[in-house]
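First, one chain by itself: the form predicted alone, in structure tokens.
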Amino acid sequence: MAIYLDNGATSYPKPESVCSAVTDYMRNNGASPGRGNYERARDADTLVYRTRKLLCKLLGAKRPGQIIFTSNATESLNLALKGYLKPEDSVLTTSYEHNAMWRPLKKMEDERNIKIRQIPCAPDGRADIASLHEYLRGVTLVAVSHGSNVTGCVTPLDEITAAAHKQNIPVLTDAAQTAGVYPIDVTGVPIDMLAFTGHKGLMGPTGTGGLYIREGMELGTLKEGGTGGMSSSPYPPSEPPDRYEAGTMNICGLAGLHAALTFIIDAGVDDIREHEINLTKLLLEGLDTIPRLKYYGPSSAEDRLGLVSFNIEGHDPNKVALTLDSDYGIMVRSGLHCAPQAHRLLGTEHIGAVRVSLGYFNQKEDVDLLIDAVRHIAA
């Protein structure tokens, strides 16, 4: 029996309700939201609105219009960064960012002369919060990931946001690895912009995601085109969410995302998180027993997400991952995980690492079988 342990890339399996919602919409509706006054088009509009409402409930947002739908977290980060930053602005980020954050910043450094500063981080991914105030001087935007997809370390957003807001600096966070599996409250923290994807912890289809934008934040558009309304104007609508949602939506994907959000809210994020912590404890305890194996990130399951990257001395991580798949039917990811910044921090930029990322549908037996397999490979 195959065991899937690559939920940090894409969660699997999806709840059955998600699969049913996607196919049901394709078979029984098929209309596009905002593109007609007939009943099915109105039903599509209602579905989009209700999906925004569920995201507000999950993330703590006040109004559905604060949720902008995109195709993934990468598009959301591009919208936030390119829509907010102006030439000569300065950004404070961390030294373990995913390429979804890092590459847009580097391109803007070349094209807009954006200045990039990085908060120093310890090898386990913890940012140097104690000296944060020194790095905030002259900064226009703080842009950080909520959870590392390599070390599993969770960023203390409350401390970073409090320090940044004292100097009237907005905060953008990449919640690709945390939305759906870790409690988030964009009003309580508070966060100014939050990018998320639908296909990881939110358990929805690929090609779905979004950006939460705090009221009062104004962004330039990333793309322009038809929005289904105000068609007589040559310019985009001025109000969100229509302002940022040009083009036909992935409505079948949003039907699946709606079902996934319903599943998560019913299950409870706190309970999902507790399940993840319990499995992560078993994983860390098991890895600790294997000679010549080193895992990265915090040693406490409570201080990290349910993903663990590791290397075995003398073993190529890509071959380890291939052997786990071919000989044991266990699917994990190896390489740099689209996060070379993190691997430079760990000193693994030339070899990468094996990454195990747990999901809601994994059980203790999956972890036990993985530990046994890794022990055999290491021996």
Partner chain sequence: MFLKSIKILDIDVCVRQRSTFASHTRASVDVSEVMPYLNGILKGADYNKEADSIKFIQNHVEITMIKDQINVAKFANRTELLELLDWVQDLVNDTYESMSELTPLYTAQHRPSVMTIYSLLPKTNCRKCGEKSCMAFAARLYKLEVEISDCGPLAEEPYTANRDKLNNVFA
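What you see is a predicted model, and the numbers here were worked out from it, not measured in a lab. Numbering follows the first chain given and starts at 1.
Omitted here: the form predicted in complex with the partner chain. The next part is about that form.
Listed stretches are 28-36, 315-323, 347-355, 334-342; the contact stretch with the partner chain in the model of the complex is 28-36, by a heavy atom cutoff of 4.5 Å.
Taken together, the three residues 42, 65 and 240 all lie with some non-hydrogen atom within 4.5 angstroms of the partner chain in the model of the complex.
At a distance threshold of 4.5 angstroms between non-hydrogen atoms, residue 129 is out of contact with the partner chain in the model of the complex. With a 4.5 Å cutoff on heavy atoms, residue 217 does not count as touching the partner chain in the model of the complex; it lies far away. When the partner chain is considered in the model of the complex, residue 53 lines it closely, a heavy atom lying within 4.5 Å. The partner chain is not drawn, but in the model of the complex it has no heavy atom within 4.5 Å of residue 120.
This chain is displayed alone, yet in the model of the complex one of 232, 113, 168, 299 has a heavy atom within 4.5 Å of the partner chain; that residue is 232. Note on the partner interface in the model of the complex: the residue among 286, 104, 207, 228 having a heavy atom within 4.5 angstroms of the partner chain is 228.
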